[in-house]
Every structure is written in C-alpha cells, then in structure tokens.
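Read the single chain below, which is given as structure tokens and is the form predicted alone.
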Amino acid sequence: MIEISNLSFRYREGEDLALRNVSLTIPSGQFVGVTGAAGSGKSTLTYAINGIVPHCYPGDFYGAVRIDGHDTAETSLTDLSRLVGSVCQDIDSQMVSSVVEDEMLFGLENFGFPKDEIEGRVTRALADMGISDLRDRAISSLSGGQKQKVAVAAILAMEPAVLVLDEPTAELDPASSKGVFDLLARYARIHGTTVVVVEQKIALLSAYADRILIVKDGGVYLDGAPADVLAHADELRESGINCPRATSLANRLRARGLYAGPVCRNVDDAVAAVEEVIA
C-alpha cells in the first residue's frame, strides 16, 4: 500500500536534509507506529506519505513515494486525499467549519459520497469516537482533545485506504488516548486499512502497533516488531526516547542476571517477569 524508495527531502528554507535516503514498504492493513526525538524527521515522513511534501512544502525532493501505486509527486492532493486520510498535529489548522456536524459533512460532500450514505457515516464515526453529543457544538467551544476527536471522526467517516495521524493523542488524557488507539486498531482490523501513527507515547505504540519505526536524523534508525525495537532500550534512551517502565524494569533485572525471558511491553509482562524472578 505504501512504497517509499530512496526518499530524501530538504525544505526550501532549510540547510540540512529533513529526510535521508528512506526506503520502506508498508503492506495493506498494517498498523505502524512512528516515533523519535523532536526534529528527527517523523512528521516530514508523514507529509511525504500524504503528499503535503512536496505539494505544499516545496524543496529538494529525491526518490519516490507511491500510495497504492500512485506516485505522490505526480498525483494531485485532491486525488491523494481520497486514498490517504490525515490528522495533523495542528488541529486548528485542519478545521474548515464552525460546527462539528458541518466539519463531518465537509469531506463527504466534497468527495461526492452518495447522499443516502452520508448520515450513516457521520453517525457511526461520531459514535465510534464517543462524541455523538458534540454534533451540534461550535468548534470554537471545544477543548483541544475534543477537536482532535472530531478531526479523527471526520477522517474515519470517509473510510480511506490509509490513515496518517500525527500525534493524535497529544491533547488527550491516558484513558482517552487508549480509547483512540482501541478505535484505530479495531478500524484497521475491520476495514483492512493501513494506519501510520506518529506518537511520543511509545507504550501506546508497543501495545497496539504491528511495527514500530524509530526515526533519527532524518532516517529510519530502527524498524521492527515492538518487542524487537524495545530490546534496544539503551539506544532508544540515547536517542531521547523513553521506554515503557515495564521494559526498563525487565531490562534492569536482565542486567543483574535475574531474568532471561522476553522483552516486557506492559504491566502484565512485567508482573510475569517479576513472578519468574521471585519464584
């Protein structure tokens, strides 16, 4: 579904490459988490997938990005947005309407979805995000977290083949963050949608993603299953990425020769590791 070949990009106003020789293949239906330190290039990577780079941010673009066979540099943003639904980090810049219902309707009506489908799509997406009660609210009256949920719902209503989300839980509390990831994982499983999420909360990524990419200095530093990536905890820490506490605990036990089991990703894993140590 996503094929990136030898991609490098430098913003017109920048001196250094924001992305350096990135090559990736992401199949349909895979849930991919992307993380890295500030300025590592992770957001630019999402811009390359949804076509914002190079269409909106001009610069030096090398290599190729293809979404379901469509070259993003040669395909219009309008056509790309039918394939790739995006939720940006700056939610306010994404909102185009003054009322939640109108925000939900904007993409559906502009892309010409059948009128007899629209109401059902809006109702389902709002219910899935747990924000049906916000339907008639003014966008300006919403909290940052509520706006993020509306933005995600508006994209889900269009059922794109690819979802790209840049820190969709930045304004959300832990319970709401888990709820969003529950929805994304379930949505990807049901619809076979490819999901790419940039997220600082690596514990969330390790719990839900099929695959984690660590971006560093504009390149993909680590790429693998969550347990395989977390096995590089010391390298992640040096790159400014904090591992889940369960992983850190297990790694300390391993360093003392007390534990030799698999990498711990969550509390249940850590409990099992401690029980093994004290048995």
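Computed from a prediction, not measured in an experiment: that's the story for all the values here. We number the residues from 1 along the sequence you see.
FYI, the form predicted in complex with adenosine-5'-diphosphate isn't displayed, but the following is about it.
Student: Which of P27, G39, G59, G240 has a heavy atom within 4.5 Å of adenosine-5'-diphosphate in the model of the complex?
Tutor: For this set of options, the contacting one is G39.
Student: Run the contact test on N6, V65 and G69 with a 4.5 Å heavy atom cut-off to adenosine-5'-diphosphate in the model of the complex and return yes or no.
Tutor: No, the candidate spot makes no contact with adenosine-5'-diphosphate.
Student: Just checking whether N251 would be counted as a contact of adenosine-5'-diphosphate in the model of the complex - the rule being heavy atoms within 4.5 angstroms.
Tutor: No.
Student: Is C264 a contact residue for adenosine-5'-diphosphate in the model of the complex, using a 4.5 Å heavy atom cut-off?
Tutor: Close contact is absent here: in the model of the complex, C264 is far from adenosine-5'-diphosphate, nothing within 4.5 Å, heavy atoms only.
Student: Heavy atom to heavy atom, is D268 within 4.5 Å of adenosine-5'-diphosphate in the model of the complex?
Tutor: Because no heavy atom of D268 falls inside 4.5 Å of adenosine-5'-diphosphate in the model of the complex, the answer is no.
Student: Check whether N50 has any heavy atom within 4.5 Å of a heavy atom of adenosine-5'-diphosphate in the model of the complex, and answer yes or no.
Tutor: No - in the model of the complex, heavy atoms of N50 and adenosine-5'-diphosphate never come within 4.5 Å of each other.
Student: If contact means any heavy atom within 4.5 Å, which of 240-248, 225-233, 41-49, 206-214 contacts adenosine-5'-diphosphate in the model of the complex?
Tutor: Looking at the partner contacts, the answer comes out as 41-49.
Student: Quick one: which residues from 1-32 get a non-hydrogen atom within 4.5 Å of adenosine-5'-diphosphate in the model of the complex?
Tutor: Counting only heavy atoms within 4.5 Å of adenosine-5'-diphosphate in the model of the complex, the contacting residues of 1-32 are Y11, E13, G14, A18.
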